[in-house]
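Starting off, we have a lone chain in the form predicted alone, written out as structure tokens.
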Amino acid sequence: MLIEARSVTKAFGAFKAVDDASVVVEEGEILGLIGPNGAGKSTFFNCLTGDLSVTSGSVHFDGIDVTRAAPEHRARLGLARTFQVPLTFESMSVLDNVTIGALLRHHNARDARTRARDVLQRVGLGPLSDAPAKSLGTPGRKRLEIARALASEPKALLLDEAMAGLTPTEVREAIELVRRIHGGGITIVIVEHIMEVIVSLARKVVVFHQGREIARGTPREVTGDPHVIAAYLGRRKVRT
């Protein structure tokens, strides 16, 4: 297994945003995390990446206990992430933004820029390398975040609503990009509200509600689960 969370709880005072959650992510798979707003998915996600410390429980990455490790230490081990709202260095060029990610593995600036250019080509931003990050629209910003994460040469990439705000056409293009990334040998964990994305990409899905896991299984299994339908999906039809 590549990522293992054991009995993770994250409390804010008396409120448990995540309550005794355990998830295993095998190397090479795509895991989807879904649930309604406030279900605890993003909080759990942030516990995996180290952006939030756990109240109790443990997180292991590639066999190493990273429960108390800082995000930058987890990044050096090979854990990369994106954010719901893209965090770009607005005044810097697209290339320089991605070079920052590449510097984690390539301490020589020239090597880092070469790596960054390669990644930008992979995500379709090559022609915009010299453009300022602030000139990009929503799709470009999201791809830029993915590119910066990929430039760090991760073993696992955690995508936090990477397709929110995209048009249906842009979503389809983003799904293909994620497939190509996964095809390159990178394990993926994806938090997403767009069920079509989860159904298209994930082979295993974990459903959160009120801080707890209420279901897990294949997309077909969880979308047919009455507890998931009641808590999250309602009666809308989801193609599997």
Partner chain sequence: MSTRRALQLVLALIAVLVLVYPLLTSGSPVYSRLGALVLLAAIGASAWNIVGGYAGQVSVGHAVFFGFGAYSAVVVYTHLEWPPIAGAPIGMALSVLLAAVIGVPTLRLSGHYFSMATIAVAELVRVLSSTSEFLGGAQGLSGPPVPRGALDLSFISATPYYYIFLIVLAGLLGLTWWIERGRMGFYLRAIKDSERAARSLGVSAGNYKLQAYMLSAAFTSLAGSLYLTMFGFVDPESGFGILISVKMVVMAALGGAGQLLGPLIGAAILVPLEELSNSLLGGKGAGLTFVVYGAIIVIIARFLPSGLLSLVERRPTAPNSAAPKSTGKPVSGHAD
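Numbering follows the first chain given and starts at 1. Worth saying up front: this structure is predicted, and the values here are computed from it rather than measured.
The form predicted in complex with the partner chain exists for this protein as well; it is not shown, and the discussion that follows is about that form.
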(message) If we define contact as a non-hydrogen atom of the residue within 4.5 angstroms of the partner, is Gln121 a contact of the partner chain in the model of the complex?
(response) no
(message) Taking any heavy atom pair closer than or equal to 4.5 Å as contact, tell me whether His193 reaches the partner chain in the model of the complex.
(response) yes
(message) in the model of the complex, is there a heavy atom of the partner chain that lies within 4.5 Å of any heavy atom of Asp111, even though the partner is absent here?
(response) no
(request) Would you please decide whether Asp51 lies within 4.5 angstroms of the partner chain in the model of the complex, comparing each non-hydrogen atom pair? (result) yes
(request) Please state whether every one of the three residues Gly63, His182 and Arg216 places a non-hydrogen atom within 4.5 angstroms of the partner chain in the model of the complex. (result) no
(message) Using a 4.5 Å heavy atom cut-off, which of 63-71, 23-31, 199-207, 174-182 contacts the partner chain in the model of the complex?
(response) 63-71
(message) Residue by residue through 99-138, which ones have a non-hydrogen atom no more than 4.5 angstroms from the partner chain in the model of the complex?
(response) Thr99, Ile100, Gly101, Leu103, Leu104, His106, His107, Ala109, Arg113, Pro127, Leu128, Asp130, Ala131, Pro132, Ser135, Leu136, Gly137
